[in-house]
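The chain below stands alone and is given as structure tokens, in the form predicted alone.
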Amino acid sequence: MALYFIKRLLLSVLVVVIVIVALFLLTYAIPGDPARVALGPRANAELVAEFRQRMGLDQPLLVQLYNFFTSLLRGDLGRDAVSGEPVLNTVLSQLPDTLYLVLGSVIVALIPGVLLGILSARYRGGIIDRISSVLSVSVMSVPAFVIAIYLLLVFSIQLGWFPAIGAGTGFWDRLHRLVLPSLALGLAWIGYIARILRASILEEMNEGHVRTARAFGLSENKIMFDYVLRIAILPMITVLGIGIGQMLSSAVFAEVVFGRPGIGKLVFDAIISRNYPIVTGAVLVTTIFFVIVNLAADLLVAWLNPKVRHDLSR
């Protein structure tokens, strides 16, 4: 298990390094001078040159990449090209709103998805199983921003049940304003989680220990919750880890449509203004968070699954 953890940790570090390099190359491939965009069209050549020197934009790309890596090891992500504030402080100030949105989306996807998955497997071929099948195909094919726009039009503008924009101030106000964005990101994953859990349950139902439990006269409900679910739920943990990364990437649509603060809105505004340090820092922080979540999911599956633990110990 320790060796598996070390291997996964090294692989995670490699992923982060590759993302940093790719992000630098893609960011600087965007047309336009970031110094000119940040200072405006009326800035003279001397001011633009001073800005480029202060931000290190006058150096070769490889030198900038090396300087960023060395600064990153010291916990420094650079400074905002517009405000001059530390990038890490700006990103971390927006991170909680995005994490609340992702957490709400996970709850929206997980609770109905697990219930549908269990009922679909328990009553295979029934009406619930068919509804789950249709839901998984239809909803997942709709982009998150389309769902967000329709939720905004129906429940905010026409019905007036939820506020249209903003994150709110108090606890209940923030929770009220979190419902629609969470639904926009989480709805697409309900059917997917349900189908994954259903297939895993049906596969586990054919295992020898389940047939033995039936032979001893145990009830189907006891077999489901005591013997099947604790193993069948493991593939869903891996899928959920990937889903959190997808929700992070889709958060930009929900935050823009609903006018919420967060990492997605921060990156969107930074791309428009060619604020490269903010783009790099925000994407790097979200990448690290995504890698940590997937690492934790893999380790949890390896710890809970006896088969995986046996393979790792060989």
Partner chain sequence: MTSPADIPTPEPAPEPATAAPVARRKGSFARLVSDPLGALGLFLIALTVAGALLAGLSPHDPVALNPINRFLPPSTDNWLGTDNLGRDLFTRVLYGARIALTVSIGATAIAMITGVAAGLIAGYGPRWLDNVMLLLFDAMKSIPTVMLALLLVTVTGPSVYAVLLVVVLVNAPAYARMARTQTLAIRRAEFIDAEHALGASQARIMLRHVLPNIIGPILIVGAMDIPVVVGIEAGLSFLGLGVRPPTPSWGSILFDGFSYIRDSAWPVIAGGLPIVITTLGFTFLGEALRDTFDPKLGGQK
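Source: prediction; values computed, not measured. Numbering follows the first chain given and starts at 1.
Quick note: we don't show the form predicted together with the partner chain, though the next part is all about it.
- By the criterion of a heavy atom within 4.5 Å, G126 is excluded from the residues contacting the partner chain in the model of the complex.
- The closest non-hydrogen atom of V291 lies within 4.5 Å of the partner chain in the model of the complex.
- F253 belongs to the set of residues with a heavy atom inside 4.5 Å of the partner chain in the model of the complex.
- In the model of the complex, at least one heavy atom of Y192 sits within 4.5 Å of the partner chain.
- Between the options L103, L92, L175, I157, the residue in contact with the partner chain in the model of the complex by a heavy atom within 4.5 angstroms is I157.
- Scanning L153, I131, I111, L99 against the partner chain in the model of the complex with a 4.5 Å heavy atom cut-off leaves one residue, L153.
- Contact with the partner chain in the model of the complex, judged as any non-hydrogen atom within 4.5 angstroms, is confined among 196-204, 175-183, 103-111, 68-76 to 196-204.
- Contacts to the partner chain in the model of the complex (heavy atom within 4.5 Å) from stretch 233-266: T238, V239, I242, G245, Q246, S249, S250, V252, F253, V256, V257, I263.
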